[in-house]
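Consider the single chain below, provided in structure tokens and representing the form predicted alone.
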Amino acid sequence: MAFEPREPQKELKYDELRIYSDDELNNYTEEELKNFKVKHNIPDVEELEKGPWPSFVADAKREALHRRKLSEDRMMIERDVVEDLLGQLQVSFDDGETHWKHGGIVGVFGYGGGVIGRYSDLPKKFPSIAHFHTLRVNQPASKFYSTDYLRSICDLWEFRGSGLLNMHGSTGDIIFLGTFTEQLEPVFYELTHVLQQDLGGSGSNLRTPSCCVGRARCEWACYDTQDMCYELTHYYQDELHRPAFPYKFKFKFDGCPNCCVASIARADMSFIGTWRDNIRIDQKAVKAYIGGEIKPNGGAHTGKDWGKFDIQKEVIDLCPTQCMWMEDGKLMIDDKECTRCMHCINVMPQALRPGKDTGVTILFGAKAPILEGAQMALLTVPFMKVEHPYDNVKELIDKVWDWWMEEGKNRERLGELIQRYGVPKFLDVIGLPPMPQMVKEPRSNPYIFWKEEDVPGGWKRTIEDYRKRHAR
């Protein structure tokens, strides 16, 4: 079934929405940029322009010159916002500390998230960034954009903000960097009523779900990542916009084990596409790879002579479970030992494909090192079939959230709660039995703690009863 949005979508036309003319958007020459100096002395900041890599400082200077040449009525916040930003950054380098402060809660009416309040602690020296609030804008699934949309949001932010954007934040959102409090509601109105765009998550709530390109463009996708991301984003609107959790919670959707959005390392709940039948093998294509008729890795290594493709060295010997071998000129796979690492499929994409019985593996608890150290996600559900409207997934999510909201400490991520209580307790909460796939390595602790209900007869059984059935 083709993906369909929940509501009619407007066709955005930049010529109807644009704020600036072409002359205003291209209001300086490269020669003027070359001779441009910001109003503050920023020697350390300008060091970041040197070297072979693109520099945000160079981009910021372009924006500063552009704003300097716009007329006053074409900007709703102060002209010098970017120049003052660079000036304060230099002071931060000088002092070895940040000069941003959080001066309280700021946001838009009805939402508790989506806006990150930020203020300068040097407002008299840098008045244009006395307020420098950030807005998170919910990106479309897989980050598909039209040029009309991108031009429209750039015009909007040029007019009501600093003109600086981050495409994208680590959660996935479009990041609008820097505006005054008075512009928050107008920006929010334009986004929601004109551009049909919502804010993303911030604070102790569900952060903006993000997904890989999925079936829109990838042949390996084992489920529709875009549809699942879109459905859960709409279904959990309250959790996304009104913080009620102990801390942040992230969904990320990877269509296959290549993990292109790195959900296994960055999400409290990771959905990774997988299959439970056999890898499909085209033996003719395998021979074509061996014979050099098809380039390995989709031709990605073209341009350098790597020598003749060696299937033993480049595929079979690199299998983590050694479940592959050649037999009578054919590639054989012991699929029950396969861990779905995707290496063989990536090297020989025309010869190998994921199986047809597809679904998701669900993992919990990945996070960056904020309170405790960084941790990877815990494999919890080895395989689950997923189809719209994903009621089985929603049921699992609700169980996890109920427990986390009841037992989680302030600023404690789900992974830290699982560490504190232990995996057996977490499995009890979600109603799953322990499975071999959850085990990282064989048990090294010799002590096993049984529950009374797991022991025949419970704690009240007597040794005499046992001896009746087992002679000495």
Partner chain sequence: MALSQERLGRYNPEKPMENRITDLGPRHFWQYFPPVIQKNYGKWLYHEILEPGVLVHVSETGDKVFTVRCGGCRFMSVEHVREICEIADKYCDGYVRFTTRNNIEFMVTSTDKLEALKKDLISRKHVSGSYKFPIGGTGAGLTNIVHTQGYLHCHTPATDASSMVKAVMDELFDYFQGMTLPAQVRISMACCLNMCGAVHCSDIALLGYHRKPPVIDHEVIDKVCEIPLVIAACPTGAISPAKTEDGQKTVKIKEERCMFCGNCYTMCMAVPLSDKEGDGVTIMAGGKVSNRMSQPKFSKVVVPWVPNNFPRYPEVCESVKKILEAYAKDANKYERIGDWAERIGWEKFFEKCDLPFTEHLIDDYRLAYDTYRTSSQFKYTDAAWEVSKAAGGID
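Numbering follows the first chain given and starts at 1. Here the structure is a predicted model, which means the values were calculated and not measured. For the two forms, the rigid core is made up of the largest set of C-alpha atoms that agree within 1.5 Å on superposition.
Just so you know, the form predicted in complex with its partner chain exists too; it's not on screen, but the next bit is about it.
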* To do: For the three residues Asp80, Pro127 and Glu407, verify that every one has a non-hydrogen atom within 4.5 Å of its partner chain in the predicted bound form; reply yes or no.
  => no
* Interface residue in the predicted bound form among Asn346, Ser120, Thr358, Ser204, criterion: non-hydrogen atom within 4.5 angstroms of its partner chain -> Asn346
* Taking its partner chain in the predicted bound form as the reference, which of Thr192, Asn278, Gln283, Gln322 has a non-hydrogen atom within 4.5 Å? -> Thr192
* Using the partner position in the predicted bound form, report whether Lys69 sits within 4.5 Å of its partner chain, counting heavy atoms only. => no
* Asked: Given that the partner is absent here, does Arg411 sit within 4.5 Å of its partner chain in the predicted bound form, heavy atoms only?
  -> yes
* To do: Would you please decide whether Met332 lies within 4.5 angstroms of its partner chain in the predicted bound form, comparing each non-hydrogen atom pair?
  => no
* Asked: Is Leu48 a contact residue for its partner chain in the predicted bound form, using a 4.5 Å heavy atom cut-off?
  -> yes
* To do: With its partner chain left out here, work out from 392-400, 163-171, 324-332, 378-386 which stretch has heavy atoms within 4.5 Å of it in the predicted bound form.
  => 163-171
* **Residues of 346-370 having any heavy atom within 4.5 Å of its partner chain in the predicted bound form, listed in sequence order** => Asn346, Val347, Pro349, Gln350, Arg353, Lys367, Ala368, Pro369, Ile370
* Displaced residue check between this form and the one not shown: Glu31, CA, 2 Å or over, core reference -> yes
* With both forms fit on the core, has His193 moved 2 Å or more by CA between this form and the one not shown? -> no
* Asked: When you overlay the rigid core, is the Cα of Leu427 off by 2 Å or more between this form and the one not shown?
  -> no
